[in-house]
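Before any questions on binding or motion, here is one chain by itself as structure tokens, the form predicted alone.
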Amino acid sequence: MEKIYCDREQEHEATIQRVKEDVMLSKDVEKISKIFHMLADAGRLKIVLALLKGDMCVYHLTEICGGTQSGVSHQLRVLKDNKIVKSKRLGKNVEYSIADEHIREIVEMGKAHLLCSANQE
């Protein structure tokens, strides 16, 4: 069978070589994929969007996001275990916040892309 080449074969071959040399593809792709997986769930994303507006406890997150307090607590634990959110104890309450600015940037980029895509339809 004859190999089919594209019009930009040399350029693409150079790109393929750079990709193969990129250690990140083999080492970190699963970790990055997990971040996006965490944000792909609508319930977890609602929690993250709420926390982008300010730190909150489970009670108030349940009020905003709906569902049950145990359900929101479970999602917060999943987000915390995956370093999307962090928590601190304040007396009897636990307050949650976004883990770092990178999470904010990822979500803001998603929102910007949504607006950009909407304008192109």
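None of these values were measured; they are calculated from a predicted model. Residue positions are given as counts along the sequence shown, with the first one as 1.
The same protein also has a form predicted together with the DNA, omitted here; what follows describes it.
Report whether the minimum heavy atom distance between Lys86 and the DNA in the predicted bound form is within 4.5 Å. Contact with the DNA, no.
Contact of Asp55 with the DNA in the predicted bound form (heavy atom, 4.5 Å): Taking the distances in the predicted bound form, the answer for Asp55 is no, it never comes within 4.5 Å of the DNA.
Any non-hydrogen atom of Lys31 within 4.5 angstroms of the DNA in the predicted bound form: No - in the predicted bound form, heavy atoms of Lys31 and the DNA never come within 4.5 Å of each other.
Indicate whether Asn82 is a 4.5 Å heavy atom neighbour of the DNA in the predicted bound form. Asn82: no contact with the DNA in the predicted bound form.
The DNA in the predicted bound form: contacted by all of His37, Arg44 and Asn93, heavy atom 4.5 Å: Yes.
Taking the DNA in the predicted bound form, which residues along 50-70 bring a heavy atom to within 4.5 Å of it? Read in sequence order, the residues that approach the DNA (within 4.5 Å, in the predicted bound form) are Cys57, Val58, Tyr59, Thr68, Gln69, Ser70.
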